[in-house]
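Below, in structure tokens: the form predicted on its own, a single chain.
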Amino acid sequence: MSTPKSGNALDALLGRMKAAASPLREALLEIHGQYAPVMDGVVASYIPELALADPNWFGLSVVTVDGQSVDVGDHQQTFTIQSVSKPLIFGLALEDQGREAVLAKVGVEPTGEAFNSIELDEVSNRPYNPMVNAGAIATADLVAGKDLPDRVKRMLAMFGRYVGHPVHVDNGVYMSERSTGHRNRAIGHLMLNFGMISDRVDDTLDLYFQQCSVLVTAHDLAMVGATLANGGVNPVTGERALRQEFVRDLLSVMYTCGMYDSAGQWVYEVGLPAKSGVGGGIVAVVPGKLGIGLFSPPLDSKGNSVRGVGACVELARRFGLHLFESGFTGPDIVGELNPRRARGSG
């Protein structure tokens, strides 16, 4: 069989996904085996409950826009979503308030500063983007609801639409974050001083701590990615998680700002919209094709999963996933999962 040409490379691997020994499953198993022995990185400990994670956990998942999935490793191990929640809350704020109101409170510019930096734009006094803690607290403040319980309920329901099942807050992590989140409280009160958030700052910080403490799996993150890849519609349940007009907003800030202050290196090597969290999770999106979910707790100096980043770099290299890849002639991840697409009939 001839090697797929550029433009069909992703579409040819996606058709044979249902086969027990599909090339994608074999590739994921190989990549898992390649990075599982890597012992670099350190499990996050500044939130005490996160330090309890097993550094050997490592799961990989892929879900396509037509609902097929491949999972390897610890793909059903639960962990807290942490900063992977930020683009989803940004989306909820956009739906609740509209672009103009959201952009009045938070920018969309990348920053080379740490994700928990206590810094605002000197001209506008806005947080730089929704992917850093300041911006995420500002967008959490824009989530509508009559009171804190109502806002939390709406937040959990929104997450549930992305992953396709009800989700819950890990109360141990939530209380750990709440009792040690002094830096985030400082960020919140600084923004209150400049009028970037409302005077319900304590409730908003509580909502922020709870959104970061939602339990998910690597498969769940792949579902989140597939939902965004599918224009905001969950490909398994068919339920809309985000209005289509706002999908581009999320993918744009994930692309430029999603991987903390190594976002530039990520875009250079992987070239996909993505978001990481200090719980060890990463979600990546191949628009119109699929979502990728990864989980491994040991983090690099920027706060990104060491194994997760390495696995994504390898996936992008093998399957030409980079958005600016041209002339790629390797195996096609999409066609391997969906043979009808590979034949041009779907």
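It should be emphasised that the depicted structure is a prediction, and the values quoted were computed from it without experimental measurement. The first residue of the sequence shown is number 1, and the count goes up from there.
The following text describes the form predicted in complex with glutamine, which does not appear among the structures shown.
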(message) Counting only non-hydrogen atoms and a 4.5 Å threshold, tell me whether Glu177, Asn184 and Val278 all contact glutamine in the model of the complex.
(response) yes
(request) Counting non-hydrogen atoms within 4.5 angstroms of glutamine in the model of the complex, say which of Trp266, Tyr162, Tyr208, Phe79 makes the cut. (result) Tyr208
(request) Using heavy atoms only and a 4.5 Å cut-off, determine which of Leu315, Val65, Ala53, Ile47 is in contact with glutamine in the model of the complex. (result) Ile47
(request) Choose one stretch from 69-77, 82-90, 140-148, 242-250: the one whose residues place a heavy atom within 4.5 angstroms of glutamine in the model of the complex. (result) 82-90
(request) Would you please decide whether Asn133 lies within 4.5 angstroms of glutamine in the model of the complex, comparing each non-hydrogen atom pair? (result) yes
(message) I'd like to check something about Cys212: if you look in the model of the complex, is any of its heavy atoms closer than or equal to 4.5 Å to a heavy atom of glutamine?
(response) yes
(request) Give, in sequence order, every residue of 291-306 that has a heavy atom within 4.5 Å of glutamine in the model of the complex, or say none if there are no such residues. (result) none
